[in-house]
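Next comes just one chain, in structure tokens: the form predicted on its own.
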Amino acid sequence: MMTAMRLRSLGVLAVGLGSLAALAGLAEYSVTSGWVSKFVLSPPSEVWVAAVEIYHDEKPFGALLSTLGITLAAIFLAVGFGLPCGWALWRYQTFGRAYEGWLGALFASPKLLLYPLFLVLFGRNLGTLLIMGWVTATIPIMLKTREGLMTVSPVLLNVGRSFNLTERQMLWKIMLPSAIPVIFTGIRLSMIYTLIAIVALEFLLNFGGLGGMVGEMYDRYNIPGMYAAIVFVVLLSLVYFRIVQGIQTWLRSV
């Protein structure tokens, strides 16, 4: 059975890499044949060369660590704040029903437009990036925590009551483990939107990080370098997903 699962995983990986290679080949041909201007899209071969040059000349690991650190800090703060708030929205159902629609609307709104307010309050520093990331990450964690607790099977709850578990024991031993998949869906959403918000702010403020690197390449009119910096952002998002998957797998096995 393990062999079949490994073969299936390898097949999925092969399809993904094959599709990526096909898209890269199509982009290369589209630009070299003149279908698409080099001022709009750089051929992947030039992007690869630019990525190597950035690695040697710009030392992108500092920018990557800056964006990684500020994003993880925002998410950790959001988890610490969003989980209790999500529990409160579930525990006090009147408040949950009252605020769910407002939180959903706030989550769908372009929160990036709030950055001038935070610039005035905190200045052009890491605090602005952290607060914007925290605001962006907190809402999906709150909503998904409430949703996860609401979808716990009544059968599991009845089993817990049959063992005379206290309310706290029910929460830690039954409800949270059952709600972990839904809660981590909220964490994954928060990572996506937080990374977008922080990279966008770094780009707008030209305040270091991968977003600042994208902006710097853009200001130099180094189109291949700009796309190479974007590739670094994509690689960072892949690292995030691997981290979250690892944590979720570990929690479900505990």
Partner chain sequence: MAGTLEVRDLSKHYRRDDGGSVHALDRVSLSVEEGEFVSVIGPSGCGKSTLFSIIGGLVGDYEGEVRVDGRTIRGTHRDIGMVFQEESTFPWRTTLENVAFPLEIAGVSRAEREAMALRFIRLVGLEGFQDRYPAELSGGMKQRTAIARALAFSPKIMLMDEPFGALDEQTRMLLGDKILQIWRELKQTTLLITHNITEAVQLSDRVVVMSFRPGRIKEIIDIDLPRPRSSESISTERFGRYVGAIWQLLREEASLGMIESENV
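Positions refer to the first chain, counted from 1. Keep in mind that what you see is a predicted model, and the values were worked out from it rather than measured.
The form predicted together with the partner chain exists for this protein as well; it is not shown, and the discussion that follows is about that form.
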Exercise. Using 4.5 Å between non-hydrogen atoms, is N158 touching the partner chain in the model of the complex?
Worked result: yes
Problem set entry | 4.5 angstroms heavy atom contact with the partner chain in the model of the complex for K173 | yes
Exercise. Would L165 sit within 4.5 Å of the partner chain in the model of the complex, counting heavy atoms only?
Worked result: yes
Exercise. Is there any non-hydrogen atom of N125 lying within 4.5 Å of the partner chain in the model of the complex?
Worked result: no
Seminar exercise, completed: Among 75-83, 108-116, 174-182, 89-97, the stretch whose residues bring a heavy atom within 4.5 Å of the partner chain in the model of the complex is 174-182
